[in-house]
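In the form predicted on its own, a lone chain appears below as structure tokens.
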Amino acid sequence: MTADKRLRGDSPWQLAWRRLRKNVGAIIGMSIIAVMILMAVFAPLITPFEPTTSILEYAVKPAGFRGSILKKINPSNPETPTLIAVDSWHVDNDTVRWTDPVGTPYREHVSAMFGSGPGDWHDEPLFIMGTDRQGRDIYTRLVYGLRVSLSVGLISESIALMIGIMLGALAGFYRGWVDDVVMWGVNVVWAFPSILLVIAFSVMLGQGFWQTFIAIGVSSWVDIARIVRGQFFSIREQDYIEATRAFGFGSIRVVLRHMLPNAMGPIIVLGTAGFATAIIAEASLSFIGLGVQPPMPSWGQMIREGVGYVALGTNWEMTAFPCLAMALAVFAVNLFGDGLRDVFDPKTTQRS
């Protein structure tokens, strides 16, 4: 079978994948995104602590700090031990004796310790990125903050896509007064800076996890609606759309089965770009205290907590690591989005 015949037998998505995998930047971006998704999904397995675990004795420690902790049974939650920072410790018969980092001595019966022996109740964790001002592991909070960033990108952009596609399709298909009304709404929303709209919706909806997603989503649909409207204007005049009308197909079937699939290229590219924008918007909201609320970790929140230390010239890790993580995530999404643009742009597309 010749190459031309194989190409004619491939679906549009197979051809798109063939072109995409030749784009080195897109593959790098996609690989980084895949690693981040795996880290977010398996966060409990790759982090040493819970994101809210606080060891106040280890507050504001530098990257690479290694601690020494004992684990006691927590009466209020037997599944989660109480962590105690120690300078030195030893077992004396049935008593565990230790001194804390300031030299104060303590003792406890072995029955109060978490586990069946010293190997269970003692640990020397490595804080590879240091700790924040509440003694929480920055690496752990960074990984759990990745969950928030990916979630807000996915959910808020899905909301924006639903609104933008629906309004853009209505305006592009029906035209006339429907188009006038939709474009009036688009122009009104477009008149405001998007970050101000996000802040306004956050104030109206309240502060929280889901409120942040909704606020970003309902503020980000304008560009999508304009692109879909333009695509539908062009597709509506194609011969195969005229044929669907001749067969008597209903408007909903024509839009969903014949027009929308042919407009998916630009929509996918816009959705990818919006994903990166949503990550930045969530971090911005959390930075000013309007996004995800403590104790849930967020990159913007972590940056805000570390800004004061940067001004003092100490503990740069508290700000640098979440900044680098956000920059890497946005860079990867943009790389992938550029690859998708090249795949779906007829001016740059080349058959392999």
Partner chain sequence: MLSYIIRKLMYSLLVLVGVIVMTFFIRPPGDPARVMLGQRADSASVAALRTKMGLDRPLPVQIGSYAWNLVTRLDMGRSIATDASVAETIAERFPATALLAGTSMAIATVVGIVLGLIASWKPNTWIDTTAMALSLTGISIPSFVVGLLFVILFGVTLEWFPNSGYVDRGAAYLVLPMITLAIRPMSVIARVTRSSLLDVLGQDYIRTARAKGLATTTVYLRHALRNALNPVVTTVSAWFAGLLAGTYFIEFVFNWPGIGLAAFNAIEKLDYPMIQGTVLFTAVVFVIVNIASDILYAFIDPKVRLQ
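The shown structure was predicted, so the numbers you read here are calculated from the model rather than taken from an experiment. Residue numbers count along the first chain shown, from 1.
One more form of this protein, predicted in complex with its partner chain, exists but is not displayed; see below.
Shown here without its partner, the chain carries W184, I199 and W316, all of which come within 4.5 Å of its partner chain in the predicted complex through at least one heavy atom. With the partner omitted here, the residue from A63, M296, M326, A26 that has a non-hydrogen atom within 4.5 angstroms of its partner chain in the predicted complex is M326. Listed residues S251, Q134, T99, Q207 were compared with its partner chain in the predicted complex; Q207 is the one with a heavy atom within 4.5 Å.
Heavy atoms within 4.5 Å of its partner chain in the predicted complex map, among the stretches 169 to 177, 91 to 99, 188 to 196, 235 to 243, onto 188 to 196 alone. At a distance threshold of 4.5 angstroms between non-hydrogen atoms, V292 is out of contact with its partner chain in the predicted complex. Remark: N334 counts among the residues lining its partner chain in the predicted complex, judged by a heavy atom distance of 4.5 Å or less. Its partner chain in the predicted complex is not approached by L70, whose heavy atoms all lie more than 4.5 angstroms from it.
Interface membership of Y58, defined by any non-hydrogen atom within 4.5 Å of its partner chain in the predicted complex, is ruled out. If you take 284 to 304 and check each residue for a heavy atom within 4.5 Å of its partner chain in the predicted complex, you get S284, F287, I288, L290, I303, R304, in sequence order.
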